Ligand SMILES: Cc1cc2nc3c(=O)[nH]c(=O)nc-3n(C[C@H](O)[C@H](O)[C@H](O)COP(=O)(O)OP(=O)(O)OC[C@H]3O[C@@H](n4cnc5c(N)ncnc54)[C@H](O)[C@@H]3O)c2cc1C
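Shown here is one chain on its own, the form predicted on its own, set out as structure tokens.
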């Protein structure tokens, strides 16, 4: 009788890849988790219970066939595991690194509910695809037949790149336009290297170029350029994301040293590429030797506090107006930040900044949680007389992002938007009311997860393929 390769969650405990010591990892921007060895990956994959109703799969935005590639990994069939993973996910090695698995697949693992500790799905996914790259199993896609139609994609972030990959596989000519000098969007310039090393992103972009996707970089799309793109292509996909920082207007907001998170992170990531960054080199976006305060409780705030630690900040504190249980960021990221020396000031909100020309402190008001708000979360309430000043040399506002005014920016007043400024687009297809124009990702959803942008990009590409009756057929190079 064949030995049962799965359902070993009772005999084998959950075991994450080894994490580098906080004292070591705070000195560089390298990823903090080591790779699984083959035996350890097989062991951890074998803990999967192979549920009849796999909640991990249903709670994954891409509906990745997780139980199947876990079983293939457990039995040493890694190339097949990669093929199953790649079938539903354009960038599995990226999702394995940055998805909040604790809120998605792993957070809904059945054996977690029974007290045995979730399967380490994200780490196994990362291992499968990294192994595939090492062994040359990941190859540029070459369509069986080239088509006459072309698609222009505005935005080289995860959604735009996912759509480009699928459309190119179907034989469409694809050009991706982006305002930055490198493709990747927030994968390149928003997410720090300790979560996503940049060579991981660059090799995917290189693969897309080898498959025939063209990139028009340093292209800041305005009304004239949009009109030209619309005229040149049979379909246009808007995948710009949301990059306009939410702000708070309060006393001292204009002081030097009060900065936006996206500008701070972009400068840091540019330095990781070896670029000359004047605003970093001048000290503006360099936290070295400074007392840093980050305002916000999402994943961007976590990226900022952990970046400041690595830049050599004297102290790093994070102000969040609710408590730990109610913060939107990943709890795993909070724990990593605390290990690295970040101090969290829960139930604390800013009401202004002190200083003359340069910020010297944050005026903080203490809060308590009151009745739930419209979203069901407990609304913070002010505690009278509990204000204090938190000294700071650099304050980073990580308050989320809003969409730019695309109808004005693109000179397209007929481009439909919601009352929040996001583009109105059909569910699943991404089609807008403008003929031949689609929209996907954060510019439709509002600030969301990378995995949702990938899902939107793939869905939109499928809709365009179906519209032109193009078979999704591909031969490996």
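Residue numbers count along the first chain shown, from 1. None of these values were measured; they are calculated from a predicted model.
One more form of this protein exists, namely the form predicted together with this ligand; it is left out here, but the text below deals with it.
Think of it this way: in the predicted bound form, this ligand has a heavy atom of just one of 277, 265, 313, 364 within 4.5 Å, and the residue is 265. Residue in contact with this ligand in the predicted bound form (any heavy atom within 4.5 Å), chosen from 84, 221, 78, 347: 221. Looking at this ligand in the predicted bound form, residues 193, 202 and 285 place no heavy atom within 4.5 Å of it. Picking from 235-243, 252-260, 316-324, 134-142 the stretch near this ligand in the predicted bound form, with a 4.5 Å limit on heavy atoms, gives 235-243.
Of the heavy atoms in residue 185, some are within 4.5 Å of this ligand in the predicted bound form. Although the partner is absent from this view, residue 434 stays clear of this ligand in the predicted bound form, with no non-hydrogen atom inside 4.5 angstroms. Within 4.5 Å of any heavy atom of this ligand in the predicted bound form lies no heavy atom of residue 48.
The closest heavy atom approach of residue 300 to this ligand in the predicted bound form falls within 4.5 Å.
Contact residues in stretch 408-434 (any heavy atom within 4.5 Å of this ligand, taken in the predicted bound form) are 409, 410.
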